[in-house]
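What follows is one chain in structure tokens, specifically the form predicted alone.
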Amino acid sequence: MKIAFDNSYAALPAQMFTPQLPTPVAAPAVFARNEALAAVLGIDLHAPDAAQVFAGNHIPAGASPIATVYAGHQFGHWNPQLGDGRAILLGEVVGSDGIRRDIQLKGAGPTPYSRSGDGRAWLGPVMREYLVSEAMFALGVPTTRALAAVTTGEDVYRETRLPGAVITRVAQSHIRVGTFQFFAARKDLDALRALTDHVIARHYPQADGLAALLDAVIARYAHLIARWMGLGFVHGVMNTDNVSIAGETIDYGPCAFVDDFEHGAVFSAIDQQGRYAYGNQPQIGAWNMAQFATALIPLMGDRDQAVKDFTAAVHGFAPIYAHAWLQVFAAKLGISDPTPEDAALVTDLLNLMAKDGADFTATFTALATDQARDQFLDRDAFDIWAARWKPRQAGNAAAIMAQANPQIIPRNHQVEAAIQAGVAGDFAPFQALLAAVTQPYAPLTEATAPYARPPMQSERVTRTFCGT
């Protein structure tokens, strides 16, 4: 396999990473290939050694395999050193679209940052990340992507013995808020400055300084979370080490999409206090940006002024998010020119949905066909709301709503069903679900209609888990 690597992160100061080869596996076999993404990257997914490359058994020429180091706040608690505990960055490729992207093997074996972990991934989380990240891309949400996935022919041990797998993840970079925090906490200003210069050059070339960089990251992150909210997406682990500085959704561990809507929806089995519940995501986003701002302050000459300016910038997250959120939900309601008063219209609908346990995705798609009333128990309350909503719709409301409301999302019960089949050696359900979730706005057909169906009570999946 030939990959046109053009590595820049590996040229940064040595304290930012550790050179690390993947640990070979016994019998790799490819079960998923992303042909469209591969075409952009100029990679032949059917090369004779493809399975060996995507498992980490064979390192292509030009790669510079490294494990990167970072820190982070995990559920609000400071951890001074984390890092790639089961991921190895092979290098970077500049695609035919001119965008530089990382190519990373996740589940490729232990690194110096594994913290006694085995460095491996089992098949379930690999399938979940592949399905959800590619669905998010199709939904128009900035995200890491999946290039390929392999089974390893080896088992890993969690609560029980499970089949191992490796996913090849592609991202505009794997630099996180926690990367900045790591060097700021150690007062390594040379490394922090080199990292900042790298990020500005790579992701925000229009930024003419640290204040502009902070503003740009805040704006990108606020818009990202607004998109999550509009899809009923719950990330599940919004730790600062899971916040991409490029503004992409990263780390699909215990993520899920809401079925019956509730503001406090939590799926992650490790989020015992609901810190990262659906309705808390905007506030956590602002908190994460405050940590990023704090990490940048050591580079500022006038600390007191920097604290004042950066505090104002972080406070700017809320209005940026509010504007983006209103734009997202106005489109879902077929409103082309939202006003501040429309925020109450959206909020009132969400409250009605929460009170009656209406399905999030099905309710919004039903609004376009005048069938949403059936989603509610209190239909009189819905009728009162709808009387306020109808006059606000644009003349082309149907077209606006069709582009804003997906018919299909990767519902928890369908993802779990695909995983169980994959564990048993049958990847046909995975491939069928992948085909459906990567065409989320297409009209339903006989083949795809089952994927739009909300779960029955017996099918509900209320808890999701990390793969470590």
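A residue's number is simply how far along the shown sequence it sits, counting from 1. Here the structure is a predicted model, which means the values were calculated and not measured.
Keep in mind that the form predicted in complex with adenosine monophosphate is missing from the display, and what follows is about it.
Taken together, the three residues Thr144, Arg220 and Gln283 all stay farther than 4.5 Å from adenosine monophosphate in the model of the complex, as judged by their closest heavy atom. Residues with any non-hydrogen atom within 4.5 angstroms of adenosine monophosphate in the model of the complex fall in just one of 159 to 167, 78 to 86, 291 to 299, 380 to 388: 78 to 86. The contact with adenosine monophosphate in the model of the complex, taken as any heavy atom within 4.5 Å, belongs to Asn242 out of Thr151, Gln172, Asn242, Thr196. In summary, among the residues Pro112, Gly357, Gly117, Gly279, the only one with a non-hydrogen atom within 4.5 Å of adenosine monophosphate in the model of the complex is Gly117. Contact annotation: Gln393 falls outside 4.5 Å of adenosine monophosphate in the model of the complex, judged by heavy atom distances. Looking at Gln74, you'd find a heavy atom of it within 4.5 angstroms of adenosine monophosphate in the model of the complex. Shown alone here, Glu92 lies farther than 4.5 Å from adenosine monophosphate in the model of the complex, counting heavy atoms only. Looking at Asp251, you'd find a heavy atom of it within 4.5 angstroms of adenosine monophosphate in the model of the complex. In the model of the complex, adenosine monophosphate lies beyond 4.5 angstroms of every heavy atom of every residue of 306 to 320.
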